[in-house]
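Presented below, as structure tokens, is a lone chain in the form predicted alone.
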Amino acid sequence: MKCLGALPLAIAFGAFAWAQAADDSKPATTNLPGAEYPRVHSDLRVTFRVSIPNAKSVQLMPGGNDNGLGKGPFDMVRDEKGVWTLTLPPAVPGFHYYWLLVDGFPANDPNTQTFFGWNKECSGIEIPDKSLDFYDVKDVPHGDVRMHWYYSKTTQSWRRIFVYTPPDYDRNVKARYPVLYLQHGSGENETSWTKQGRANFILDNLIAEKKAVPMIVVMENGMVASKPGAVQESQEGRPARRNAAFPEVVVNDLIPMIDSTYRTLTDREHRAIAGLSMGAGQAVQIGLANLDKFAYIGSFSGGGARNADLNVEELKKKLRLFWMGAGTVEMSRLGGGKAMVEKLKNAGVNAVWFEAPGTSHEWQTWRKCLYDFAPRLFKK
């Protein structure tokens, strides 16, 4: 009788074990330590869960139409204890912004890290890509990411930058290094390329594999750079970026400070500038206007220069590389860059066009762009 009585218990335990095995989800790597949700399933579905007992409605809002989580807002479902849950269909691999709408009020998910995007601190989630590992943390020598404050005479203010130094920078104290100035997109800041873009790990891995030369990478805030007293009007109802003086900051303040503070190679042949989206436009503008300072220019998901701005003969003599790239999904609005690259190539300029397959205006595109762009720099 005891054996028979134990049978239902065994069946129940077996069902429980099967259910546990069936749920192969794992906490997202972007969660706060110890937080179980959001959870990413093996098929890349994502389950979000948050306790807000007094809320009447909770929705999940992805950041933008190009977000790989889908076009929200998505309604979450409340249980009897006030825990709200939502499972989304398989997400696009990569990093995605999101936030919650609690009774219509935007709030961050208390379970996740925050990332500066959309002009505010946002929740974010990393969806793993099983086919890629070039931006993962690996067992290789790692460089440092240094937070550095300096005073800008142009803006008459203190500015914060982040500087990546390669793994051997502090050991090989006689060595000098080339510099890549790397800019973020609109609504982001100087933290974005390392937090969202994982640029330091991309460079660590490329350098360890001897695909890229060791280099210093400088990341500034291209959103805020105005002169004292300057008034910039908003455009199309959006707040003014207040960054009209950014080219002057880079040329007159940032480059001299970097060259006097870090062990850099100070000639134009060892200096590059690149950026994504808004930062791509800044990189092209600054680079083309200062070919005495930059030999390499990279535009990730950004527009190119106007044909009238291009002195092809000067580019042939001075520019070592003009690189443009975008995700295939965003090509409908960025295809002009590809045509410009072809025009430059036909004229004898070393120009490269790159397409990230299957991605749009998002960090997975820009990670892939950096992975292709960086190995082309500073080689004889």
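Only a predicted model underlies this, so the values are computations on that prediction, with no experimental measurement involved. Just count from 1 along the sequence shown to find any residue number.
Omitted here: the form predicted together with a further copy of the same chain. The next part is about that form.
- Contact check for H142: a non-hydrogen atom falls within 4.5 Å of a further copy of the same chain in the predicted complex.
- Heavy atoms of T114 reach within 4.5 Å of a further copy of the same chain in the predicted complex, making it an interface residue.
- Not displayed here, a further copy of the same chain is kept clear of D133 by more than 4.5 Å at the level of heavy atoms in the predicted complex.
- The closest heavy atom approach of F95 to a further copy of the same chain in the predicted complex falls outside 4.5 Å.
- Contact with a further copy of the same chain, judged by heavy atoms within 4.5 Å in the predicted complex, is confined among 291-299, 248-256, 100-108, 125-133 to 100-108.
- Comment: a further copy of the same chain is not present in this chain, but in the predicted complex one of S51, N346, N65, T29 has a heavy atom within 4.5 Å of it, namely S51.
- Residue H148 is the only one of K71, K153, K211, H148 with a heavy atom lying within 4.5 Å of a further copy of the same chain in the predicted complex.
- Residues of 163-188 placing a heavy atom within 4.5 Å of a further copy of the same chain in the predicted complex, in sequence order: Y169, D170, R171, V173.
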